[in-house]
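Only one chain comes next, encoded as structure tokens, the form predicted on its own.
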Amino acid sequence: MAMAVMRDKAAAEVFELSTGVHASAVVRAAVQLGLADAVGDEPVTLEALASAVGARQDTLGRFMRLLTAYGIFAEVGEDRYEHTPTSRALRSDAPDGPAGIIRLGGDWNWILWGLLAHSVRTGESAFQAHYGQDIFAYFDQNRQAGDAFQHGLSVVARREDPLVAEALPVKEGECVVELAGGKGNLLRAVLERHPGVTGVLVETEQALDTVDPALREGPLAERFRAFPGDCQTAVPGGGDVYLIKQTLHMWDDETCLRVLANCRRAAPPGARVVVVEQLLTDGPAERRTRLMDLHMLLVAGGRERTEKDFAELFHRAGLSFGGIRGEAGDLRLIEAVTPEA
């Protein structure tokens, strides 16, 4: 394909957007090959690098030439390369772990974005349409993809969960019930941040088998309880705060309403439901959330929501909208209150 030089500015901008997949593929391939981990503190020869990552020397040389054009590695002599700050960020041991997040999507993510027009036309999940099953059933059958997904989520959680625990409006002696909380990483952060609080994790039997060991053993175990089940069917009663982090955006409105109504029925009067999600708003940083909105459509038929959307969902579920109660990075803590008796 010829890379055309366009004199019309608008045409050039649109063309540049259309080739964004190329840059994504370059970064993803660098992570898949493990190049950043194969380069140490000293420059490395192309021959040694090819041997370390199991690649042909000639094609790797062509790839490294492109990576240096993006500022990923620097050539410091003929066929000798060293790290740049950008390439160091792709190491597995980098502080914010973007490599793990990049691996999270796997091959299925590339396939789904190629089906965006289908989902826009039909409103259907591209994942369901392509694979004939939902994403979690797929992960059950493809453990490598599932493990990469869970590892990527854990990288994100290490950054987000302490911020959510800090911002969570909870008082001494209250019980926090987390719905669909995976391994319980967020609930652990809440219990560590609030020593006078107890916690209940609602998850499937399979997920509870892999719960964070710190919740089962040691001092936190006395304040922790597991509740096996599906929050779309039922949730335990007696909670003061029902916590739902980045789960509702995977579901359509009717599924969300079932879960919220379960909370209303189970919770005592005046209990709070705290939903932790990104909010669709207007502003210069909004592109990322709008991309995530379409990503949720592709993956599970879900969506990101505005503050007004959440207020309407809560009202339909018989809850009172309590407003935005806190921030945790890009996430917002959106509160609903169960009606008084």
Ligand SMILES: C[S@@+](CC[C@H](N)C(=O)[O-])C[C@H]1O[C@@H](n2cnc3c(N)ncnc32)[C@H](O)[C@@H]1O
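Residue positions are given as counts along the sequence shown, with the first one as 1. C-alpha atoms forming the largest set that superposes within 1.5 Å between two forms make up the rigid core. What you see is a predicted model; the values in this text were computed from it and never measured.
Unshown form predicted together with the ligand; subsequent notes refer to it.
If you check the ligand in the predicted bound form, you find a heavy atom from every one of Q150, G181 and K245 within 4.5 Å. For the residues E174, E82, D230, E124, the 4.5 Å heavy atom test against the ligand in the predicted bound form is passed only by D230. Note on contacts: among T204, N142, T86, Q133, the single residue with a heavy atom within 4.5 Å of the ligand in the predicted bound form is T204. Of the heavy atoms in W108, none are within 4.5 Å of the ligand in the predicted bound form. The ligand is not shown here, but in the predicted bound form it comes within 4.5 Å of a heavy atom of W251. Heavy atoms within 4.5 Å of the ligand in the predicted bound form are found in exactly one of 88-96, 68-76, 230-238, 191-199, that being 230-238. After superposition on the rigid core, the Cα atom of G114 is displaced by less than 2 Å between the shown form and the other one.
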